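Only one chain is shown below, in structure tokens, and it's the form predicted on its own.
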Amino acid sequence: MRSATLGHIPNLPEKFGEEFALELFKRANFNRHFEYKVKEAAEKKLFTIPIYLSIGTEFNAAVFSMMLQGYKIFGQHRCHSIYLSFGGKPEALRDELLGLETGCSRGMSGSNAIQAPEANMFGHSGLMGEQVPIACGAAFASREPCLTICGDASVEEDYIYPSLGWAATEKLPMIFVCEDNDLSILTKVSVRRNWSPANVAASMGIPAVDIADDPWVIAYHLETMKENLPGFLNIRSVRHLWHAGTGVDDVPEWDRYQLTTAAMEKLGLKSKMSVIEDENKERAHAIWADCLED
């Protein structure tokens, strides 16, 4: 069931507090302003590669980075915000998208398979869902905690579930996330399958939840799951732009950015958020200014 309130837990913003909310906003808001500049650059045809924007899922990445510090990161194709939230250098991401040697992957990864040692983030070849078994191998070899993120189409690939089974058998220190936007490019889940990835993970003995993209609900479950890994989160998310590119498919089902900032304003944080946003806008503009000058 797709709903903006799936898995809702009352009063979580108050329980996590103002400091948590402001840091969450700072990271997600910068992600959004950086991506707006990427969108602008794409529309000016500055890129020669497909661009996968994370507008709509900025808070997912922000809360992952706050709750899973020290984890090895294996991101999916829509991973700009993941890279930025976990401490990647925005200038290096800009250069990566432009195909420059100064990019975080020397211009070789592009938008969809970013690797960045400074963010403890590991890339892949671009094969859909490939990051999941790679992450399992890393967790098995190192016994260090790993986060791997895929989409609701990738989770259908036949190498995902053996990876889950191996993680369950070996009790690997892993968090699996499926960012479920109900779309494989444009094909809805209901056309593709009649099963839930969270239920499959749970059948293997992995603690699993099916929740909306409320960052406080995500934080609550990550905090709980970290004590009993592996864990699996199916997060009902909404992309606001095309699968690849800058167009719009339809009116978004819900706007998590608006819902989250409204909750923060109820905490009395509006003026502090305004200051942070001004700083983030200025920072994103400075990073992209030379590229976007006419």
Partner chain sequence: MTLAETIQDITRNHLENNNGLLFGQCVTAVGWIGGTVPDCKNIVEIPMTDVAGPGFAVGAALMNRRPIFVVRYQGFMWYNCSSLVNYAAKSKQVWGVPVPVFIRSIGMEGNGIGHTASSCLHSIFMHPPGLPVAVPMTPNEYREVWNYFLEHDDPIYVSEHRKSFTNSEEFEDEVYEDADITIIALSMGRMNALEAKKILNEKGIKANLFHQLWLKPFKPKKDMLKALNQTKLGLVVDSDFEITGASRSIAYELMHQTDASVHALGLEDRVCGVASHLENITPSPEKIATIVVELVSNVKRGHHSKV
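Note that the coordinates shown come from a computational prediction; the quantities given were computed from them, not determined experimentally. Residue numbers count along the first chain shown, from 1.
What comes next is about the form predicted in complex with the partner chain, which does not appear here.
Three-residue site M108, F140 and P162 fully in contact with the partner chain in the model of the complex at 4.5 Å by heavy atom: Heavy-atom distance to the partner chain in the model of the complex: all three under 4.5 Å.
Only one of E223, D158, E118, E101 gets a heavy atom within 4.5 Å of the partner chain in the model of the complex. Which one? It is D158 that has a heavy atom within 4.5 Å of the partner.
Heavy atom within 4.5 Å of the partner chain in the model of the complex: which of P173, P90, P197, P133 fits that? Just give me the one. Among P173, P90, P197, P133, a heavy atom within 4.5 Å of the partner chain in the model of the complex occurs only for P133.
To test your reading of this chain, name the stretch in 208-216, 147-155, 184-192, 121-129 whose heavy atoms come within 4.5 Å of the partner chain in the model of the complex. Result of the contact check: 121-129.
Any non-hydrogen atom of A113 within 4.5 angstroms of the partner chain in the model of the complex: Flag for A113 set to yes.
Taking heavy atoms only, is K72 within 4.5 angstroms of the partner chain in the model of the complex? Judged by the heavy-atom cut-off of 4.5 Å, K72 is in contact with the partner chain in the model of the complex.
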